[in-house]
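Before any questions on binding or motion, here is one chain by itself as structure tokens, the form predicted alone.
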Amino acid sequence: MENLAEALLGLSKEDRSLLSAIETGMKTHEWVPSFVISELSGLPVRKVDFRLGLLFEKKLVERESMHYLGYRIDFDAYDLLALSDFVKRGTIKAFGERIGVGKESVVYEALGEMPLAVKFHRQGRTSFKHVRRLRDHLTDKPKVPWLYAAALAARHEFQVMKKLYGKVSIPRPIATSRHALAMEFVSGPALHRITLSDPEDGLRMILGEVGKARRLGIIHADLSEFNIMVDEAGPKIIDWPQAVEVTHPHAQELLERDLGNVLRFFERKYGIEMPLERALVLIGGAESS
């Protein structure tokens, strides 16, 4: 959906109530019957059927005819529910353009008490097997729906960021709602988009932040030049949904992969060669023999 703010303004209070009712109903139904939506929303069935028809035309609900007519929402409607909640809570006062699209998220600019980035998680149908295999917060829920998986990913990233903020150079986490995470906007470009005037110092600073996170018990697990931002204060590491604790059985492997990605980038772009073993020593992450 290109213009979330415009779509949100086009929703009535009843529409939001119906979308929320479908969200609740999807915890127990793959396709939620209209009578269940009526019960959950408190709206009469005839009005529910009429409003759902309009929402279907707007492509905010999907429907399926079985022995009953069932409904469900997808990410577009889920985005609107999260955005509506942020607005209601005063987290967001203005909402802007889409500024990033990844395999598992979409990011928009916004304004609250400060400039914000709002990240909508997209974990689910296409990547769910990968998500379930790697992420601690899903390992005990093998049949979790995509909607729940995305919300858990946002919650997990928010909790990790709260633990790290103030000690590791990351954006300030502000709030979370469903599958969305509002955080401080980082004005600088990503590492791969710029040329550092002192790349050796830049590498040292990045390794320093990785080491700080590790000492706090956290491994990023998806680190590369694409999620290291550079502003006037130095590097800021973003995108923490795949983060694992140092007690994770694959923590060392994931740490070494993170470092390998960073080292290969600096060797390829700047000709700086640093063995992985040296980087591990610098961050205090070498395995004991």
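One rule holds for the numbers: they count along the sequence shown, beginning at 1. Keep in mind the model is a prediction, meaning the values are calculated, not measured.
Omitted from view is the form predicted together with a small molecule, to which the following refers.
Undergrad: Indicate whether the candidate residues T24, Y78 and A150 are all in contact with the small molecule in the model of the complex, with contact defined as any heavy atom within 4.5 Å.
TA: Verified in the model of the complex; spot residues all out of contact, no.
Undergrad: Of these, V48, M229, V262, A243, which has a heavy atom no more than 4.5 Å from the small molecule in the model of the complex?
TA: The option sitting close enough to the partner is M229.
Undergrad: Of K167, R89, K103, R215, which one comes within 4.5 Å of the small molecule in the model of the complex, counting heavy atoms only?
TA: Contact with the small molecule in the model of the complex is made by K103 alone.
Undergrad: Since only the chain is shown here, I'm wondering whether F185 would be in contact with the small molecule in the model of the complex (any heavy atom pair within 4.5 Å).
TA: Judged by the heavy-atom cut-off of 4.5 Å, F185 is in contact with the small molecule in the model of the complex.
Undergrad: With the partner left out here, check for me: in the model of the complex, does some heavy atom of I238 sit within 4.5 Å of the small molecule?
TA: Contact with the small molecule, yes.
Undergrad: Might H179 be said to contact the small molecule in the model of the complex, defining contact as any heavy atom within 4.5 Å?
TA: Close contact is absent here: in the model of the complex, H179 is far from the small molecule, nothing within 4.5 Å, heavy atoms only.
Undergrad: Does any heavy atom of A175 come within 4.5 Å of a heavy atom of the small molecule in the model of the complex?
TA: Contact check for A175: no, nothing within 4.5 Å of the small molecule in the model of the complex.
Undergrad: Using a 4.5 Å heavy atom cut-off, which stretch among 89 to 97, 114 to 122, 70 to 78, 200 to 208 contacts the small molecule in the model of the complex?
TA: Stretch 114 to 122 is the one.
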